[in-house]
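Quick heads-up: it's one chain on its own, the form predicted on its own, in structure tokens.
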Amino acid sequence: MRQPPVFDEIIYEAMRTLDMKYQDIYSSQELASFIIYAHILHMRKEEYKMKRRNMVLAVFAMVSLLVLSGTQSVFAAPIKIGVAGAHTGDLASYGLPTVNAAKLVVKDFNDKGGINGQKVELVIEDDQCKPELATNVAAKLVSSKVVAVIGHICSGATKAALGIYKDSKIVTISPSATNPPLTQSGEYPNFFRTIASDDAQAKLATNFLIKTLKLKKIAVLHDKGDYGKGFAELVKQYAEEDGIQVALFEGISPGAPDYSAVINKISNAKVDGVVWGGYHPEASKLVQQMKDKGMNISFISDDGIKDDTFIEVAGKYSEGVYATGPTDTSTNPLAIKAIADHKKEFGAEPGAFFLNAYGATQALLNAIAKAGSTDYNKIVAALQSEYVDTALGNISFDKRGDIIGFGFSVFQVQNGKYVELK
């Protein structure tokens, strides 16, 4: 009977190794050597097969265990976080610092292994602070399967996008959208912010112009947007409640090259000061045209101008301007690290709302880690129950989504820089 093929292979290999042919086996000693060597080869082949089979089984068992137990591994999908805001256009100086902040915080988390073994990946989209673009951005981020969004930056754009995120159960944290109804209406349970709302900001501004500046008669202007008009209306309300006369309340069109018509109205109203609700492009034109007309009266605005870009654009006309803005936490150790990391990574000082965005990203990723899940309800619960150390301090969020542990201050441009007034 013919031997199995494997046996033939071993015979041939033994003969090649011993330099033999069948006719070379003359003695029982040579035959014994041949048989012994052939047996050793056979054993080695069987041992190799066994080891290889055992290794395959072991790897298969390990992968099965990882899959069945739900343990995250190097094969796990990343946790996608959207970053939405103005990254181009006139208001890019408000949005780009948020992108940089998110990148730095995510790098810190990923360098430490990510969250529960999963890496974090950013999906960055530009809305130019325009509501009509914000809805498209929101749809893109939903399609990208993000589990949360850092943004948007401007209140109008944020409001336009929030309904889309709410329907998709996506947590959204803004570092800068201050319009009160975003949290106070109860319409957006998915929304949080690391900045106080405009009612707190407007109250601070009103108290400052009454108690510190001693103003009696003011003009209140706004840009007709959700953010600027909302702030202006609140200042008007609080001022009139305290007996201050609002001699002029008017909206202007953003982007106009000249505001001489409204400047003439302010001059004719003979007011002690002007309150502006809106952003820096219009504010810089207003202060320049007012001072060119010889109007040396107080100008106070919101955090929409509390940015170095306003100083750069307005130049010498920015001197003495007041603005409310997020309280300075730059002496916080985590803020010091964040600012130093920004300088090292991007070669420049961070811009507006950088620390708010840094804190927002820290709070969000901490909530996902504490929840042990990307489940919407679990993330919301963690945000509302956990305090976390951030670049803004030790913060949490109330049931409406407003930040706990952080607020606003008044700043003034002095010698070309914003200085916090104590």
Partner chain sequence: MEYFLKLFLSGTAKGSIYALIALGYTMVYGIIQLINFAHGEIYMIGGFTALIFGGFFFSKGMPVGFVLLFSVLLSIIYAAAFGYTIEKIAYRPLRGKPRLSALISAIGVSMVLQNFVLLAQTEKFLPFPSYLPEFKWLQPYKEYINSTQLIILGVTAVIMVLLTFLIKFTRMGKAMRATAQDMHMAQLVGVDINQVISMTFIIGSALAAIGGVLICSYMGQINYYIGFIAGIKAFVAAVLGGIGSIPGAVLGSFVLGWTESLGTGYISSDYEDAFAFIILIVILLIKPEGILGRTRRQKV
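What you see is a predicted model; the values in this text were computed from it and never measured. Here the rigid core means the biggest group of C-alpha atoms that line up within 1.5 Å when the two forms are laid on top of each other. Numbering follows the first chain given and starts at 1.
One more form of this protein should be noted, the form predicted together with the partner chain, which is absent from this view; the next part is about it.
Could you tell me which of 160-168, 255-263, 329-337, 146-154 sits within 4.5 Å of the partner chain in the model of the complex, going by non-hydrogen atoms?
Correct option: 255-263.
Honest question, do Thr212, Glu233 and Glu241 all end up within 4.5 Å of the partner chain in the model of the complex by heavy atom distance?
Checked in the model of the complex: no contact with the partner chain for any of the three.
Taking heavy atoms only, is Pro281 within 4.5 angstroms of the partner chain in the model of the complex?
Yes, Pro281 sits close enough to the partner chain in the model of the complex that at least one of its heavy atoms falls within 4.5 Å.
Would Ser267 count as a contact of the partner chain in the model of the complex, using a 4.5 angstroms cut-off between non-hydrogen atoms?
Contact with the partner chain, yes.
In the model of the complex, is there a heavy atom of the partner chain that lies within 4.5 Å of any heavy atom of Val313, even though the partner is absent here?
Within the cut-off, so yes.
Any of the heavy atoms of Gly294 lying within 4.5 Å of the partner chain in the model of the complex?
Judged by the heavy-atom cut-off of 4.5 Å, Gly294 is in contact with the partner chain in the model of the complex.
Identify, from the list Lys306, His222, His342, Arg193, the residue with a heavy atom within 4.5 Å of the partner chain in the model of the complex.
Selected residue: His222.
By the heavy atom within 4.5 Å rule, which residue out of Asn100, Gln128, Ser298, Gln289 makes contact with the partner chain in the model of the complex?
Answer to the contact question: Gln289.
Does Ile263 count as moved between the shown form and the other one, where moved means a C-alpha shift of 2 angstroms or more after fitting the rigid core?
Yes, Ile263 moves 2 Å or more.
Does Ser93 move appreciably between the shown form and the other one, meaning a CA displacement of 2 Å or more on the superposed rigid core?
Moves: no, less than 2 Å.
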